[in-house]
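Below, in structure tokens: the form predicted alone, a single chain.
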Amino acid sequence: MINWKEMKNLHVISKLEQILNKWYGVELLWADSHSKIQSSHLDKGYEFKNHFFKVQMGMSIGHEYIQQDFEKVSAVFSDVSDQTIVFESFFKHIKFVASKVVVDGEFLGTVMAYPFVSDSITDEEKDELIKQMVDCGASESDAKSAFSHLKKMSAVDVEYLEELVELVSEEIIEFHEEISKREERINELNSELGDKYRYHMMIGKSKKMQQIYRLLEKVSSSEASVFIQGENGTGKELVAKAIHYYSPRKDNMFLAVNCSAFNDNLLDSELFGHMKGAFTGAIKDKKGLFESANGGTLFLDEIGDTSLSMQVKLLRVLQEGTFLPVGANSPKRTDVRIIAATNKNIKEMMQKGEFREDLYYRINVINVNLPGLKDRSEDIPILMDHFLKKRCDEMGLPLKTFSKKCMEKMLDYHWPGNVRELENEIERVVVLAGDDKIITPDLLSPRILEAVGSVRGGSSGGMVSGINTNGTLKAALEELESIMIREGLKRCNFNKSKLAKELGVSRASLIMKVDKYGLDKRKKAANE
């Protein structure tokens, strides 16, 4: 349900309320789905901005008249699809504009701009209204004074008033949705409720990550070899662990080795073990990882860095399930599931003769291609929240928050180091923030502050001209970015989700840029 009491604290609604009163002399009210007034107009000591409304609420049952109007509105809105309608009030010839608040198809309340009269009102109608007010308990002088303060509106005035009231209802809907999303995100990051946006220790709500989660769910229960490809820092080992811990082998060992960290001789001993006296320093028998991981899973990271001779030995294990420890005369058997990973272009290596095709087809039964963080930017805010909470908990600090500008800088950066780089940056800013609750952009690493994000074009294929080519490159890029977003908002009818997808940025980043360049039609209306 909507937290109506919070509406009066929203800056944009407060600003629109001021504008509505200044331009049209009306009061802005809102009520829930049961027609119960949730704005502050029934509070003791409320200072009315509209004199007619003040006189009305001074009547013995004046509040019942406005309550009756809200009930009429709710009844009408339940039968029509119109978003905003001009209504006749309980008082003759008094009008008001009402706009409904609907979330996920459910009617949750009404916003009302009250009261005004038509500029075509006659003296006879005026006298009729004053008489009704007197009959309802107002003095004749108060009734005449109340009428004199009413705004007499033309059809054009009413049309624009409708737009502004509809803006208020849209802001309430958007605020409610954003709060709901934030609460949902916090819950999903919670260890008990985080299954939707995570798989094992991986976190992400982007479409690409959701596709990977679904693939891993199918893969984990099998015995097939899995080949994980992706840039450094994308979480290849996390994927390997997830596959293991959701598989029938989860009660046995998961072991990992970085193949690029050893030369051939050391890697041979590390993987296959050695016998006492096999080489200088081999003072006793040593089990290799293939033997230690028997019954479990062995993760071969950076397999693209292995030599051709090592690839032959790995192929033999995969084909026959046997290996020969260094210095041994007889082979040993092992039952190990292999998960391999690399950040290199294996197909290109095969063409150059640097990687064996037969090994590639053995390890690449199931292929998992991990996207870089720049390709799933909508996951950045979720990962930031997760790493921030993790680091604050570890350091025993109250949960900090990112300033809007800091969040914008983080979303603009392309994260070449991927998730690992992001986690390290969060750890850094938490330490530098000290006792400050807000993390500001000045704490970010210079590479992030100095980075100039490339502007990604939309799908329309249009050309933007008239860019000022004088001044700095950053200023020119910002001007182009502003123009593209402004034109895109018009094209998409201010649908930010649609435009974000079109421009290839996250919705959170787009919202910040819209605010940065002052392109939001609601805020623009509020500032005029």
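Each residue number is its position in the shown sequence, starting from 1. For clarity, every value in this text was computed on a predicted model and none was experimentally measured.
Although it is not shown, the form predicted in complex with a small molecule is what the next lines describe.
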All of Asn232, Leu383 and Arg420 with a heavy atom within 4.5 Å of the small molecule in the predicted complex
yes
Even though the partner isn't displayed, in the predicted complex is Val430 close enough to the small molecule, meaning a heavy atom within 4.5 Å?
no
If you check in the predicted complex, is Leu164 within 4.5 Å of the small molecule, heavy atoms only?
no
Find out whether any non-hydrogen atom of Phe387 is located within 4.5 angstroms of the small molecule in the predicted complex, and reply yes or no.
yes
Non-hydrogen atom contact Val76 with the small molecule in the predicted complex at 4.5 angstroms
no
Can you check 266 to 274, 83 to 91, 412 to 420, 105 to 113 and let me know which stretch has heavy atoms within 4.5 Å of the small molecule in the predicted complex?
412 to 420
Tell me, out of Val117, Val368, Val317, Ile203, which residue has a non-hydrogen atom within 4.5 angstroms of the small molecule in the predicted complex.
Ile203
Of these, Ile338, Met209, Leu443, Leu150, which has a heavy atom no more than 4.5 Å from the small molecule in the predicted complex?
Met209
